[in-house]
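Only one chain is included here, represented as structure tokens and corresponding to the form predicted alone.
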Amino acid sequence: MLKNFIKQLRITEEELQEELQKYSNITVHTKGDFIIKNDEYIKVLKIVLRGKVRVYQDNEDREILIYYLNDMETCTLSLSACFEDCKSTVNAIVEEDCAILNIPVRFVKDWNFKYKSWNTFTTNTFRESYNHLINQYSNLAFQPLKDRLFDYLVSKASNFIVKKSHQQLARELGTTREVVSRLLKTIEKENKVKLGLKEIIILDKN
């Protein structure tokens, strides 16, 4: 998997390839495992090689979804902490079984100045995360919650089925279960979804 990571990131510097092999390691995690915890110092940069991780913040009894990490992605907030020696402001929990590449933070900053390919990786990570957060802010500011909920369901559907509770959806959208339940009933009346037992079926993606 490390070789695939090196290939996909187009890491051509032999010295960096050797350092990755020498100083990094790969760990395997199952659904529900925390790989980053809020208010803990970031000592290792974690990059998802395979699987899916949900990054979120706690706000009293709610969870605010920041983004999901997929193959070959890392948490931008953790990456920035590598340059400042600060604590994490987010939690990251495994959504789908993962293989994680772990790199001690002491190398992350040095590699950014030493190797062009690593600098490109960190720059792209920051840029893509910034664009995602801007889009997310625009949705929060201008898109009605009902539309955001439906779009979110469509994005998370597998074979037109979403297996998430109303409480899970509420946490990930930063609202309450009661609001989600009410909006789902409205969307069902519009014949866009069908509410089942512990699942939501998408009837119309438009």
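All residue numbers refer to positions in the sequence shown, first residue = 1. Basically, rigid core = biggest C-alpha set you can superpose within 1.5 Å across the two forms. Everything numeric here is computed off the predicted structure, so don't read it as measured data.
We do not show the form predicted together with a further copy of the same chain, though everything after this point is about it.
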query: In the model of the complex, segment of 176-184, 51-59, 158-166, 24-32 with a heavy atom within 4.5 Å of a further copy of the same chain; finding: 51-59
query: 4.5 angstroms heavy atom contact with a further copy of the same chain in the model of the complex for residue 154; finding: no
query: is_contact(residue 106, a further copy of the same chain) in the model of the complex, heavy atom dist at most 4.5 Å; finding: no
query: Partner contact for residue 77 in the model of the complex: a further copy of the same chain, 4.5 angstroms, heavy atom; finding: yes
query: 4.5 Å heavy atom contact, residue 91 to a further copy of the same chain in the model of the complex; finding: no
query: Heavy atom within 4.5 Å of a further copy of the same chain in the model of the complex - qualifying residues of 62-93; finding: 62, 63, 64, 65, 66, 67, 76, 77, 80, 83, 84
query: CA of residue 176, rigid core aligned, shift of 2 Å or more between this form and the one not shown; finding: yes
